[in-house]
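The chain below stands alone, shown as structure tokens; this is the form predicted alone.
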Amino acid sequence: MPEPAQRRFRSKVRKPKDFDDYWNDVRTRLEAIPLAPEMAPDPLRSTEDVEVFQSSYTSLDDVRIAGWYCRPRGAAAKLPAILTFPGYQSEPAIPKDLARKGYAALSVAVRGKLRSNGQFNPGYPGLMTHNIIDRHTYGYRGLFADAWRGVDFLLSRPEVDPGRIGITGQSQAAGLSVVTAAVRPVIKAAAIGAPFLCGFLDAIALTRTTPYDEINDYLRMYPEHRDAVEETLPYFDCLNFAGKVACPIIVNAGLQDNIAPAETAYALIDRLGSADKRLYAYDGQGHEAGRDGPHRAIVDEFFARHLQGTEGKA
């Protein structure tokens, strides 16, 4: 098969000199805030084989973050765990399917999502440009912290094996997975699709589709802010976190994706620091990126191998 044209793309994203200092400061602030994890059983949503809980914990700026936590009913041994997040416009799913495959699973409602929007709620559209001219208050600063704290919640659970935690997600959830795997080396495996938040400044030139086009709309309205926007966004670009991702990782992308262009997925795979990485590119696919086809079995086998120690389908 000939190499797709998107493979030849070269990103223009550059890493700020104080990138690591900036995020080390955020992490220091975050670690000073007590996690205060809570869990409440949800019998209505539980089943004979899966226990469902409403969960919550405290994140950056003392924002309380909600989530759905599921585990196999009656599991006696330490469980492998998987962390996941919602897309830009979607709400967090209840991860009962992962629990049925033998995992403890946490689906985080990052700030702005249902049950986590009492203190921060810029809306959709709105998040992409919320305080976009100031890296210290840009909306994604808090979302990244919310994602990292999801790892802490899993580590607080006595039934979770801290040596077998994976992360997964599609679109925005893929971006949040990358930044989490980069700063939390406890993550042992990552499977992501149609990665969003990769190559912001590349993507706004490659596509005219929301959510990225929210940035183009903002710049059309406030052209005098272009320099400030171009200064802020590299601090939040997954391409600048990618080099610190060391765990095995697979990425699926749709070659006809007009939301998260495939060019940026190739840029991501090039920058990932992992020695065990692979991109699955699906021709004829848009933002769904093959996730509802054969790639689902690929993800199942990947996590079964890396988190459960088995070769077959999880």
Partner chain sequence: MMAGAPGDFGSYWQATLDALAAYPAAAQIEPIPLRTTAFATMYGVHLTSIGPYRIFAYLSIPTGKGPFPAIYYAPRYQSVMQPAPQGTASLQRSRYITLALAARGYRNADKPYAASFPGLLTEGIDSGGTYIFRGIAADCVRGLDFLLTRPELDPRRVVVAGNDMALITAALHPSATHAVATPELFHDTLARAAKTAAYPLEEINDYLRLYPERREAVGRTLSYFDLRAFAPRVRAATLIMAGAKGSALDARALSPVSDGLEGAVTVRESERSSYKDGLFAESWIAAQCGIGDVRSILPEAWAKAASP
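Residue numbers count along the first chain shown, from 1. As the structure is a computational prediction, the values presented were derived from the model and not from experiment.
One more form of this protein should be noted, the form predicted together with the partner chain, which is absent from this view; the next part is about it.
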Non-hydrogen atom within 4.5 Å of the partner chain in the predicted bound form for each of 91, 259 and 284: yes
Please tell me which of 275, 44, 40, 32 lies within 4.5 Å of the partner chain in the predicted bound form, judged by heavy atoms. 44
Of these, 161, 202, 214, 152, which has a heavy atom no more than 4.5 Å from the partner chain in the predicted bound form? 214
Flag residue 57 as yes or no: does it have a non-hydrogen atom within 4.5 angstroms of any non-hydrogen atom of the partner chain in the predicted bound form? no
With the cut-off set at 4.5 Å between non-hydrogen atoms, does residue 183 touch the partner chain in the predicted bound form? no
Looking at the partner-bound form in the predicted bound form, is residue 102 within 4.5 Å of the partner chain by any heavy atom? no
Close approach of residue 125 to the partner chain in the predicted bound form, 4.5 Å, heavy atom: yes
Within 4.5 Å, heavy atoms only, one stretch in 112-120, 138-146, 225-233, 75-83 touches the partner chain in the predicted bound form. Which? 112-120
Taking heavy atoms and a 4.5 Å limit, what residues of 201-215 are near the partner chain in the predicted bound form? 206, 207, 208, 209, 210, 211, 213, 214
